[in-house]
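What follows is a pair of forms of the same protein chain, given separately as structure tokens and numbered structure 1 and structure 2.
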Structure 1
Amino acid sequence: MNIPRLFPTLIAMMIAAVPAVAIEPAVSGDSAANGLRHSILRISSTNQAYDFFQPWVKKEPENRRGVGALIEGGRILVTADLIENANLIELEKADAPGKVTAAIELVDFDCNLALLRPLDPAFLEGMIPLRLDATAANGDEATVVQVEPNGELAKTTGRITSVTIGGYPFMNLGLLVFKFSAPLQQRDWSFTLPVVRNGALCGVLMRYDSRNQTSEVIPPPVIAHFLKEADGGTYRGFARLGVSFSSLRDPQFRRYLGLENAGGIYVTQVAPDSSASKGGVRKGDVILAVDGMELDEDGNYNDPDFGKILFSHLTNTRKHPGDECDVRIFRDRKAMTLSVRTEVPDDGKRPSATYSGGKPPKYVVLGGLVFLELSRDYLREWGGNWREKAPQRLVYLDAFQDEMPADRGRIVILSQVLPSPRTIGYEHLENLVVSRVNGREIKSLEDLAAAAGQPGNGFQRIDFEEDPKTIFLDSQAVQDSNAELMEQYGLPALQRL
């Protein structure tokens, strides 16, 4: 059994914010600043993640502390990573003692945002919600709000230096990001911070690079989309088109395709079962325009508010799931328009899920063999450089999963073996892809659990895609030793589905 050591990478990647140059007292006469004090809360979240190597246990708890902004409806807006795997969330006013427990009302890891609500609504009495300032744009000044231990606000003013589509921490989804430059200082309670402008909220700071004094801020359009979805009954989130594309700058390639006018991007892959694939977009199409907006050779359109922005902003943020979106394409030297209904893909149905959202991982232990569904969470247990360190076959399966048939189902793996008399000779097996159990094809852990319920001739037969290809367990012996196995390895249950 070879359990690699874990590295706390996510935390290291997050802000290691920020000490103050000068404490700027809430300047008298600045009513907005005085008001601000009544709109922000200190948030302390004790988080405990599951250990994907031993999915039945949780790792050591850790504490993340940040500042949240009160918005209308008695809700507090924070980043999702602040409260990821939260066991206990406590709120505290900036200038008054007393803590109150809060619950997560909504969390979306796509956009890294969450809404909290105090269990006792009376706690918010006298506080003033912040409204969202949707006008912030490139070049504008804005202020990051931190709280000193004594309750004073520490405000650092900086500037939005660029507006781009950037990677958010959890999922493979590019959403709008403000790059923000401010001389932020190291302070407690800075895991996530509100950014304000004209007395209104204009972003949530999610990453900070102290060396370059640059930070990344979740901008108003993403927050507004999140809140609109939150207010709309069933939360659907952010849609994805599901295309990979390549730039069309190369004039030789343009001439070959027969493109006479400028602009357009080349579709290199369409994810199976995605909005684009259902809408008829194919590999090899050139996308000329999305939702009426012409695309340049890199896939940018001219946004009235933010200038050149990648077209995905149109499909995932400006549009809401279920909306129809016109995609003008060029195929076989002819232009045509497809109507694509934008959808939110179910990450949990991918062969290797990107992020489980802190949900307890599923597992099945069969006579000491530990089975899991392959996921990015599992691979990340190998640390920041998991792409090099994790078992390479699993890394490749994760990387190339969009090329698998749409009905591939989940990739189920034997992650490790808890040695017992039943598993003699199998101790060295780990990270093998399960193809069949007792003759039944395995496309999910539920399949595996069901198949294991029907052993043939007294044996549990497990087939793998790799060597050793097939192993057997004595099904009666497995059954009889379950209690002993649970006792020996401290398993609370033999499965969680």
Structure 2
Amino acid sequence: MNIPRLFPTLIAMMIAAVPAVAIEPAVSGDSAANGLRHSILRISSTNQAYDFFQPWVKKEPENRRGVGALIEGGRILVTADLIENANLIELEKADAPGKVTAAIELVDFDCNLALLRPLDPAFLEGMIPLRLDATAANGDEATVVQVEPNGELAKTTGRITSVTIGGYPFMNLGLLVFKFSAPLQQRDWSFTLPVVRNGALCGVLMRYDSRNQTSEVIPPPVIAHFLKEADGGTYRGFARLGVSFSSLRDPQFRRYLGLENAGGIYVTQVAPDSSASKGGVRKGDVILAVDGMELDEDGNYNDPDFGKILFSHLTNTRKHPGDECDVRIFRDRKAMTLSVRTEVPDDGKRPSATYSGGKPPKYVVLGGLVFLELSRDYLREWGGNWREKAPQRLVYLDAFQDEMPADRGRIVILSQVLPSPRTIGYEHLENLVVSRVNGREIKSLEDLAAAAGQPGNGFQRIDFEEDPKTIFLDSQAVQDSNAELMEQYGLPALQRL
């Protein structure tokens, strides 16, 4: 499993040799509010992502700057997208000159959180870690902290206006989100910002809509789950139940199912190899309750802290991977209770990977044909509106991959054709799903590379799921043109697996 989503950088590996440093104990109340400048740091990150349209190169570097919160253990909490694809991360105190390099200790893109640690632990001497305020709820006031160029703090007080389950930036998992209303001004170091209440950390701002003056904040329960997993030795992440469902508001459908009482949701799909599948939940079941919490017709329950909210908060955040969860279902006009062990899905087995975690993308170039494995990163190359702009067949395959057979394997695509004498007539081909190469079923790029090594009758035969169904390449001509192709298009290698 790739659950930890740790950045595979040299800097991140260096933290094991960094000794701990004594910092002042956390304080609360007015003293913490007045000393807030000793609890936050400016973060400068140089980021350079891979170009999934040309996976052998990286894009131009960009700089992102935000504000991190110092927490217990000499760690700095930030959003994951602040340090996504980071080459270099530097820390600065709000009220003192000087920079130090930071290492990434842990990052989880599902919950959009990361922990940093300075390579020079003495840098944190005299600083005060913030405690986490677990009591923040709908209607409470809180303050977003920004830093002026001169080091002065800019504090904007607003109100938590609602609590909901929302999509996080990498769109892999729905987790609890605070909706926060406050008019923020554009300042440097504002890519990610801490939100405080009564001198304690009550969230991390990850999105701001300047038109509506509203923000989305990662709330304390999600942060607490992340930190508990981080302190547990082996980071496991956030589990999922693994079901798709529809509302049961239709009274005729309820009568058809034999439901007499209100509440419950209809299971439309169970992801292969998921927690629900292993626990015995089936397509067509009605989920009535989770851990004793009755669900309404839309899948909401009455949470003691946040009111009516989607049941996934119980299974994804309140539960940790490996915890047992009681799921009461209605099947064949009978109620029964199943014990489901919550697990994190293995992204490595998904037909379309959710996120690469900054790893170099795999590719194979065969005679100018560029093959990739479909991924959310590839679709995101079409921009923030990728669901509408990216090839719709690929968007569909990514969205409904949980409905594919458990042994589907990766979806391999011909992403583009590099014009060459060997690809005349094929230049227009792009974003086609590969089914077979030289008669071998393709479930990964490794399969494709192995199959390409065994051409039939001197030709590479490539079959697709859509038109044109089949194309051919002269295998010897392809072999002879490899060096020329690499030089012409600046390819460091013809494949990365």
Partner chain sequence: MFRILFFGILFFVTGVQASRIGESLVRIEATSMEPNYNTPWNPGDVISGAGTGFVIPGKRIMTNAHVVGNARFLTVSKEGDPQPWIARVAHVAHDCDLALLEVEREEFFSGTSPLEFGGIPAIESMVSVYGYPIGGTRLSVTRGIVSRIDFQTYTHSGLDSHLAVQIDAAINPGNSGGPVMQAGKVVGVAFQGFRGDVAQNVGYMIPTPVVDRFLKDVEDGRYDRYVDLALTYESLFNPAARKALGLADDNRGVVVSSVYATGSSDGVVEPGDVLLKIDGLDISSDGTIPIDANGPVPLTEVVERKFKGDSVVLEVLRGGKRKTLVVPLHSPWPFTLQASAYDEKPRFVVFGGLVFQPVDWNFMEAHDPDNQRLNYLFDYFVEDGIHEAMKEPVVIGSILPDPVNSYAGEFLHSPVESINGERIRSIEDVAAAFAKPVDYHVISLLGDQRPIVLESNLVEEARPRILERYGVTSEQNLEK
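This structure is a prediction, so every number in the text was calculated from the model and none was measured. Here, a residue number simply tells you its place in the sequence of structure 1, counted from 1. What we label the rigid core is the largest C-alpha set whose atoms superpose within 1.5 Å from one form to the other.
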Of structures 1 and 2, the form predicted together with the partner chain: 1
So, does N457 move by 2 Å or more at the CA between structures 1 and 2, with the core held fixed? yes
Aligning on the rigid core, do we see the C-alpha of S415 shift 2 angstroms or more between structures 1 and 2? yes
Rigid core superposed: R42 CA moves 2 Å or more between structures 1 and 2: no
What is the magnitude, in angstrom, of the C-alpha shift at V365 between structures 1 and 2 when the rigid core serves as the superposition reference? 3.5
Backbone CA shift between structures 1 and 2, D467, after core fitting (angstrom): 5.0
